[in-house]
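One chain comes next, on its own, written as structure tokens: the form predicted alone.
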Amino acid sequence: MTRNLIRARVAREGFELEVDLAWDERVLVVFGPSGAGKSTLFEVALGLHPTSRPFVRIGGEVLDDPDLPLETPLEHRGLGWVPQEGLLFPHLPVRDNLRFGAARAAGTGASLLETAIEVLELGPLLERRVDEISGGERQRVAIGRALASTPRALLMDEPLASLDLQLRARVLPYLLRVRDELDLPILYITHDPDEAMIVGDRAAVIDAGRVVAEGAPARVLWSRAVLPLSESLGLENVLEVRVLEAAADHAIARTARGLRLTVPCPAPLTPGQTLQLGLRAQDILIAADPPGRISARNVLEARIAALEPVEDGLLVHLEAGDPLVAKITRSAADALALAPGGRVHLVIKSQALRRLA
């Protein structure tokens, strides 16, 4: 039996959501454009569409079953909800906002409250009013408040969408700590493909109220069926690297599978630091022969795993220690005589590597 299942049909004027989602992975990312039905799916999980007679099982607990019938009220569902804007009490200090979450746990939230403060590094903020802290800090408090209620699962509705890129990069590591250090199922909505690949163990792509693809995030988002949508929303290769050496303007970093990269560092980096990097498929150049003297700092050997024609070019799936996807024109591929199994050289400017977190 899968631990998590949402089966529902919600119809309203001009829109219909019909989903049948089952998963056992720790984090399910629900990915899709605005208006696709992602938030309606969350509303079903929260019990806000009882007339649709959904079946909802989260964390192994059945919350709704039309055959029993069972409709668990919102306040008894044990779900920690993190909305886009946080919805904190701005006139109260952080400590009181967190205590509000703990109060919802009916006396069982104290220990997880302390864990949330530690994992999210909220200690220095506890006595400050919410309206005196930054947007990124407010989102950390919103996550902490949800955790303080000792939920059976977390529901995160685009928690980084209201933040600019710099603040997203600051908050994302805390989300990863919550994912890795707390044993909680997470249902995570996003329209950002980078977030989907960094945070998710599994992805479900929703478009026009229907699930159009499911599976491992990188495989699903690069699939031909989803590619036009994910590219329009900023799809990139995502790499996790650890800094080996740091200089004034660059650092040498390596992935867990041994891929070494030179990355720019506009801000100081330290050896041992972990980074999440984004690299557009269009920013990977492919050479049939070893390049000569060149300004690009990254020249990598790779094997072609597959060639996949798409509407506006060709995806080249590569093994370079880590899997990468390059996008080139079909005429370029013909000129280079590219074929599966062939060996090539990849040229990547260090400035093409964008720090995500």
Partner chain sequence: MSGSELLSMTGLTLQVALIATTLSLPFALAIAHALARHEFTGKPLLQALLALPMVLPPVAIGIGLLLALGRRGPLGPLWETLGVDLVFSWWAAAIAAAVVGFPLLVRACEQAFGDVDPRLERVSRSLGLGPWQTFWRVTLPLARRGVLYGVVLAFSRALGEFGATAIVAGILPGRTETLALGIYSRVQLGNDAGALALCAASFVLALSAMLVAETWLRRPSRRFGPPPP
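Numbering follows the first chain given and starts at 1. Since the structure is predicted, the reported quantities are computational estimates derived from the model, not experimental observations.
What follows is about the form predicted together with its partner chain, which we do not show.
Quick check on this chain: which one of Arg152, Arg242, Arg129, Arg260 has a heavy atom within 4.5 Å of its partner chain in the predicted complex? Partner contact (heavy atom, 4.5 Å) among the options: Arg129.
Sort through Leu88, Ile186, Ala161, Ile198 and report the residue having a heavy atom within 4.5 Å of its partner chain in the predicted complex. Filtering the options by heavy-atom distance leaves Leu88.
Based on heavy atom distances of 4.5 Å or less, which listed stretch (208-216, 73-81, 177-185, 116-124) is in contact with its partner chain in the predicted complex? Heavy-atom contact with the partner occurs in 73-81.
All of Gly278, Arg280 and Ala305 within 4.5 Å of its partner chain in the predicted complex, heavy atom check: Result no, not one residue of the spot touches its partner chain.
Tell me, yes or no, whether Arg138 is in contact with its partner chain in the predicted complex, where a contact means a heavy atom of each within 4.5 Å. Yes, contact at 4.5 Å.
Find out whether any non-hydrogen atom of His191 is located within 4.5 angstroms of its partner chain in the predicted complex, and reply yes or no. Because no heavy atom of His191 falls inside 4.5 Å of its partner chain in the predicted complex, the answer is no.
Using a 4.5 Å heavy atom cut-off, state whether Arg168 contacts its partner chain in the predicted complex. So Arg168 does not count as contacting its partner chain.
Does Leu48 make contact with its partner chain in the predicted complex, using a 4.5 Å heavy atom cut-off? Yes.
If you apply a 4.5 angstroms heavy atom cut-off, which residues in 139-159 are near its partner chain in the predicted complex? The stretch 139-159, when checked against its partner chain in the predicted complex, contributes Arg145, Ala146, Ser149 at the 4.5 Å heavy-atom cut-off.
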